[in-house]
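Okay, so here's just one chain, in structure tokens, the form predicted alone.
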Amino acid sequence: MADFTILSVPQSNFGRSVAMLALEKGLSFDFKLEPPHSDAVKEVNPFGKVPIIKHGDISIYETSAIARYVDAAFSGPKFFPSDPVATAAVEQWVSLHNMFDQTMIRQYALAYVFPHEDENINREKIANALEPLEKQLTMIDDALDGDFLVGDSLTYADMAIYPTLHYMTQFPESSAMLEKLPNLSKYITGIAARDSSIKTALAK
């Protein structure tokens, strides 16, 4: 029997972070395919966003709240450190990721995925994203001093950011930027090799 149910779509970077957390904790989950703004999603989240988790009679939305709940409510390794300084660092990265997502996914990646009505890629939108995109990727590269964002072991900060960074390996401008950022490239490769990443990757 699954420990809980995730309502999301496989393409969601936020949904993937929750699935990775569950797998790293050794939990099982049912994945229920529910696109944003479906009736089942809006029944829980008035803004229609995924992911959502259902655990018994409890339904939770907003990814950070979900992650906090899963980490605290279930046994297994903890990915929000008990040390207050380390916890603040994790929360800081999770908060920063909301900004990264706006640039990297909403402005940049989706300009490739959802082109103009004439089916041409939105080059203007991509061009406008490149300066902040490079600044954000460089900031992460500069902050890395090892295999993980916080301390010397995996935390939820890594699981929050990695799915978005994975998408940056898929597009020409961002992948070219990553080639010039050795710390970040090594980091992405390391997280990509984890079972939780492999098991939650989109099928090719």
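In this text, residue numbers run from 1 along the sequence as written. For clarity, every value in this text was computed on a predicted model and none was experimentally measured.
The form predicted in complex with a small molecule is left out here; the points below concern that form.
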> Can you pick the stretch from 176 to 184, 20 to 28, 6 to 14, 192 to 200 whose heavy atoms fall within 4.5 Å of the small molecule in the predicted complex?
Replying inline: 6 to 14
> Does Lys42 reach the small molecule in the predicted complex if we count a contact as any heavy atom within 4.5 Å?
Replying inline: no
>> Is His37 part of the interface with the small molecule in the predicted complex - any heavy atom within 4.5 Å?
In response: yes
>> Is Val50 part of the interface with the small molecule in the predicted complex - any heavy atom within 4.5 Å?
In response: yes
> For Asp147, is any heavy atom within 4.5 Å of the small molecule in the predicted complex, or not?
Replying inline: no
